[in-house]
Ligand code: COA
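Just the one chain here, laid out as structure tokens, in the form predicted alone.
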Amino acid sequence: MSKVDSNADVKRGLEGVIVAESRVCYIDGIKGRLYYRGYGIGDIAKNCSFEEAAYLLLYSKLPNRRALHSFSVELRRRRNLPQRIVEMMRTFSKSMTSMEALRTAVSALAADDPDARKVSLEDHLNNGISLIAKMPTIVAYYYRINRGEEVVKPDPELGHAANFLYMMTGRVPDKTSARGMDMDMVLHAEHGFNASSFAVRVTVSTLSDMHSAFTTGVGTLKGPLHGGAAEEVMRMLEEIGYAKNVDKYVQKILAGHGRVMGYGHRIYKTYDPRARVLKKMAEEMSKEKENMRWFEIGERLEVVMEREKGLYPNVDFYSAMVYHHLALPIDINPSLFAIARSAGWVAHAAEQYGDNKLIRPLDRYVGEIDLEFIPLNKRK
């Protein structure tokens, strides 16, 4: 009996390991900068709709008016779900979460798409655009079905973000709400080799199809360490209640070696640039809704967390406030993340396929070898 001796360095969670070159996204975690295809996130969030940001991610350039119109029309044309998928969702258990329903429906959509199993670059983009268009419909339909309400069909006159809110509520959103949803989608659309985008690339590297890649992405994003943080942030804010309770709450959490949700990030060592943008939107919406309670808690938390831990809010922190002001239920927050990140998934899938090599890392085996085999009749 012996063990394998290896001096190979192990990077748990692939932390700090560069596994590929990419032109999709650049993150400077030290300086707190984020770029989509070379364009700063501040400029993108201020000036672009989700459709425009998605086009940039998929086609590596900003669209002109004609290209943006054509792309937007194509997304709107593909929003509807096959009736079979809608009826399938009606059979789901009431206990099924929004992400579980999304994962199942995305996978099932492959049966209704004659091109689903095709894996050329053109097919990846084509199927990816269809999935980007349909994911908001899936989430909104299941939300209403789960509540015993009739689904609200997509409105071809509304943009991607506004239409989602319309399908959720049955009401055309006001301009501030539509812009808040749109901006949140833009800011969540892409973020480098995050867990779900990397999982999508692993799936595509096997020459699997886009529906399989998206199913992988949704399943990965479902985990609370990746896509569930905004949901936990809102629960935390509700527990704190008021700004005057922040100091005592943080002291209690830190004393118990717990985590204050929405603070700190694996990559950013300073203020998350997406959080800066969403903080302004959260403040604007708080004033318009005449409810500054959550924003005041947020401002006090920033002061206390920087003082106590040197940590800053990440994108999930102020996203939670935006979702609250949009009257979106807490438990669908991870699905909102998935709807937006779908654009990044398609961009990464296309890039992976364009210069593909099967992703197959090594591990360092630390178990025993050369064990004596004992026949079944002699085992105790």
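Just so it is clear, the model here is predicted, and its values are computed rather than measured. We number the residues from 1 along the sequence you see.
As for the form predicted together with coenzyme A, it is not shown, yet the points below apply to it.
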query: Coenzyme A in the model of the complex: contacted by all of His226, Ala229 and Val260, heavy atom 4.5 Å; finding: yes
query: 4.5 Å heavy atom contact, His265 to coenzyme A in the model of the complex; finding: yes
query: Residue contact check: Val322 to coenzyme A in the model of the complex, 4.5 Å heavy atom; finding: no
query: Distance check, Leu254 to coenzyme A in the model of the complex, heavy atom within 4.5 Å; finding: yes
query: 4.5 Å heavy atom contact, Val315 and coenzyme A in the model of the complex; finding: yes
query: Interface segment, criterion being heavy atoms within 4.5 Å of coenzyme A in the model of the complex, picked from 77-85, 164-172, 286-294, 302-310; finding: 302-310
